Structures are given as structure tokens and as C-alpha cells.
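Taking the form predicted alone, here's one chain by itself in C-alpha cells.
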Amino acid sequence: MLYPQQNISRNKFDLSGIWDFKIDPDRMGERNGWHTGLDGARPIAVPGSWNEQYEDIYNYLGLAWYVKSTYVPQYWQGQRVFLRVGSACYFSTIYVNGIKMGSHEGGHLPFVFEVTDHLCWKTENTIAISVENDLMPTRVPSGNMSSPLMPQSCFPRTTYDFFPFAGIHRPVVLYSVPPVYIEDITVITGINGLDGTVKVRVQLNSADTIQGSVHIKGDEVTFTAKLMFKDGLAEAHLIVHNANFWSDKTPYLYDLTVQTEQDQYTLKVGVRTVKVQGGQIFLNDKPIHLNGYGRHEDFYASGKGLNQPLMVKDYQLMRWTGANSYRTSHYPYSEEEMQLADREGFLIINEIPAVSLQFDNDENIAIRLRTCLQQVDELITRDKNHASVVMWCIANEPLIAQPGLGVSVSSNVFSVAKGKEFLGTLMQRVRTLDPTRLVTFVALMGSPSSWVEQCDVICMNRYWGWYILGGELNKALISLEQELDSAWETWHKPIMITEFGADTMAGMHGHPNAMWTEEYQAEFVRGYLTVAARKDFIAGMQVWNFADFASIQSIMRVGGMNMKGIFTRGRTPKMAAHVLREFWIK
């Protein structure tokens, strides 16, 4: 899971660009040899969602093929070569020179196959990737099943309120490492007075007894420790005297380099701690509020594909409103996002793709749990060293079957019990893998209160004034305040509202204000922030959503768009953006 890098011992070759592309609705491609080349192909940009690049396949989610030919530098011979895909939604299979390397299930997280023995060094190599994003009840997130939250007539048949973009969404990279190489690095930081503590655990691919070293470098200072590998593992503890601590206001990063005789790898490391106490979250033993947004990887043409100019733009717009945080709703964002968050000082709630989980029957629940555990393992392995990541989120709006939808009360009892067990299992896995960060899940209005018992922070999505008491903001804000006070009295834990917002047509105005106008959204946001400001136990407010985004087609979504954005999809601010500046800049 180490992010590929170029240095004196490693090489990297980014295959991003224009690939050959062809859809395969009949799933005949492998039988017909498409993994060795495509006839009648059309060009496709990688990374990028295919849905946004061609109008005729906007709603196509079935199997498709990507093929590219490339030389591999001859000076890489003698090293081990890997092919790494940053994200492919949802199920993908890799072929190199006609040979199947393997498959990976689940989008949004990277996967790697070694290709050393299958490369040609004097001729071009053919790399093929098949990808499909079929909506299935047993997948995470699920599709093609009923959902209490989504209209029966929605298209595509998701259980979640965003478009199921398909394709290769992040870079495809060939990289090489020496025969004995660094497989993994874990960095855990702490604070002791003015000093920082840095614990480094390194894993090699070899069980031989090997020596190495670790260096952490800041402005004009370097701290060093030796590493002695036994059975492939080594550990070191460093003291960083008079450390510059990482925070949202001063995101100082050290360069941490691990060296062995054959290999080296460098990480950007922020020295910081995070914990909860009473009704507050503490960063470096100082209370912090996580004010910001729920977001989506979503834009014209690129869809969910990595769009680095847009990423930089979005960070500056978030800072312009005074935000210091966001949640990766509702899936892990790119590694490039995490790197920029480290650099810019954003506090991240990092979420697996478990949105709109349902607890319907034992067989489906077991399949989804295996997938979620895999997603937790892969996400923490990938992002455990990012200073910006302060909280892991194991689900967004898990559901119980609602009365009135043809579901019996006994089914509700089953769903509540199974949901508590499922969520508890995931939170326990998170704490086992990473006890240094907070863990939560985001609760829907009406979720069983017993589900949040193990959360470090109570995260709730609330839409008083939109889905409930729409147009009646005075009543809605009273209900919100009563619910927040009740939650605090019950749990005595920090509370974050991780979603609140109102669909708003940019340019629609009203006097008096009415739902869908910019004035209504501005008053809605102002009301929620005013209520929250009266509560010492509110640890953060994240507006839904940062920008308008593509969703499903339904009577709820004008033009297939969710318009709760504070900015339009093209990043023009609505009136509510100025309300946020008023509250957050000060």
C-alpha cells in the first residue's frame, strides 16, 4: 500500500493518459481475446469515469475493457516490478501480455500485482484491465434492492443518493523495487512536553537479518535511529526535540526516511495527537472544532476520476469559507487528496464505502461484513500515516427496515440486533488496527440509539427543516436543539452534525424565502450554526454538501443532481457560502 515514489532505489512510470476502451455487455471479451488488444476501440481518459466521457454510456455500469501498450525501461531489469491501480469501480481484473494477474473487488482503494516474470524487455507490453460496476444487493455499497430512503422509481437503482460512476478513477502505475525492499511502514506520533515522540515500525519482504536506519528531518535538524530487522520486522523510537506540532493552523511536516542496504522510502510525517475528553475533541491536547463539509469526488467530464486542478481549487474554496475539515463521504478519497490535506492542514474523517447498509438476512449480512472488513483493512493500511486523518468512519446512515414499508416489527428487531453486532465488529477491527485515532459511524435520523454506544464521537446527519418540517425553520430548529440536548444527556460524548443542508437552485431567490431558494439555504445554515454555537458539546459542523453533485434520476432530484451544495457543481458560491465565512472566519 506504500504510495509509489521515484528515488535512488525505486522507479515509477505513470500510465495515466489515453487508453483503448470498449464496453462488453455480453461478457464475451475474455473469450474473444480482448485482453490482448481491442478492435473497434474508442479512446478513454485514465483516470476518469467512462459515464461522463461518452453520452451513450452515461448509464452503462456493465463490463468494459481498457487496453494500453507500453515499453518498460530496460534498466529496471534485476528489480521486482509491480502494476498498481489506484481505484477501479467496482470489480476489476488485470492482464499483462495476455496473462491474468488477478482480480480485486471494491472501488476507491488501490491494489497491486507483481508482473516481473511476465514482462517483455525489448518489445511493447500489453496491459488490459476489465472493470464492471454492476449494482448488486450483496455489494458495498448495495444496489438493485429496495431502500427506505430512495424512491422506488429511481434510476439507476442505487440505495444511495449519488451517481454510481464506473471506471478506472485513479492512476495506473508501473513501479520497481529492489529484490529486498520495504513493504510497509507504520508511524505513530506522540507528544511529551515540548518534544515529539515518533515510533516507527518497518516491514521488509525478507526474513534475513538486515540492518538499516530511520531519519526524521525538519528545518535544519535531523534525528536518527538504527534499525535491526529480524524476521522482516524492525522498530525504532525517536525523540524530536522542540518539535513543531502538526495542526490545522500550522501543518508542519517532517521528512521521515527509512533506509536499508538496497532500498529507501520517504514519508511526510506530522507529529500530533488526537483524543476525546468530555464533550470535546482534542488535537495536541487543545480543543478543536471540525468545521467543514461532506464532499463528493464529482465533476464535469472527469466524474469521480482524480482531478488535481479541481482538488487544489476545492481546498482553497474550503479555506475561503473558514473550513478546517471534511468527511470523505461516502468512500475513501484519493491518496493525492490525503497528501494535500496533510500539507494544507485539513482534518479528515476517513470513511469506507459502507453507505446505506441494510441488515436484511444472515446470508447477505455475512457477505457485506466480509467486504467491509476488507475495506477497513485496506483503508487503514493505506492512510494510517497521514496526520490529516483524525477519525475513521465505518458506515454512513446504516438502515433499519421502517414500519409502513411492508416490513414486520419482528424484522425490525432482527435488523436492530444485527446492525449493532455488525457495526460493533467493524469498530473493534478499527481499534485493533489503529488505537491512536477516533472511530465513529454516521447515524441517520431515527437510527437505534444502541448502535452508537461504541463511538468515540456521536456523528449524526440531521435535516430538520428539509425532509422533516420543510419550510418551517422555526419549528425545525427547536426540534434540532431538543434532540442535541437529549443526545448529550444520554451519551456525554462529543457530538458532530456531519450533514445538514437544503437543496438550492443557484440563482433562485424569494422574498419571503421558500424552499429551494438561496435565501432559504442561507437561513437554514445560519439557524443550525446558531443552535450549535450554544452547545459546548458540539465538536464540529459539516455542511451537506460542499458542491452540487450528480445523483440518480428521480422526482427528488432535478436534472439528476443533488443541489445541496454551498457551491454549484462548477464551484460558484451560493449565498450560504458567505454565511459560513461569517461564522467560521471569525
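If you're wondering where the values come from, they're calculated on a predicted model, not measured in any experiment. When you see a residue number, it is the position in the sequence shown, counting from 1.
There is another form of the same protein, the form predicted in complex with a small molecule; it is not shown, and what comes next is about it.
Asks: So in the model of the complex, does any heavy atom of residue 463 sit within 4.5 Å of the small molecule?
Replies: Contact with the small molecule, yes.
Asks: Hey, in the model of the complex, is residue 544 touching the small molecule, heavy atoms inside 4.5 Å?
Replies: Looking in the model of the complex, residue contacts with the small molecule include residue 544, since a heavy atom lies within 4.5 Å.
Asks: Looking at the partner-bound form in the model of the complex, is residue 68 within 4.5 Å of the small molecule by any heavy atom?
Replies: Judged by the heavy-atom cut-off of 4.5 Å, residue 68 is well away from the small molecule in the model of the complex.
Asks: My question is simply whether residue 161 lines the interface with the small molecule in the model of the complex - judged by any non-hydrogen atom within 4.5 Å.
Replies: Flag for residue 161 set to yes.
Asks: Look at the stretches 28-36, 517-525, 555-563, 43-51 and give the one with heavy atoms within 4.5 Å of the small molecule in the model of the complex.
Replies: After filtering at 4.5 Å, what remains is 555-563.
Asks: Any chance all of 299, 334 and 569 sit within 4.5 Å of the small molecule in the model of the complex, going by non-hydrogen atoms?
Replies: Spot residues vs the small molecule: no contact at all.
Asks: Of the options 320, 155, 282, 467, which one has a non-hydrogen atom that comes within 4.5 Å of the small molecule in the model of the complex?
Replies: It is 467 that has a heavy atom within 4.5 Å of the partner.
Asks: Scan 396, 350, 325, 440 and let me know which has any heavy atom within 4.5 Å of the small molecule in the model of the complex.
Replies: Contact with the small molecule in the model of the complex is made by 396 alone.
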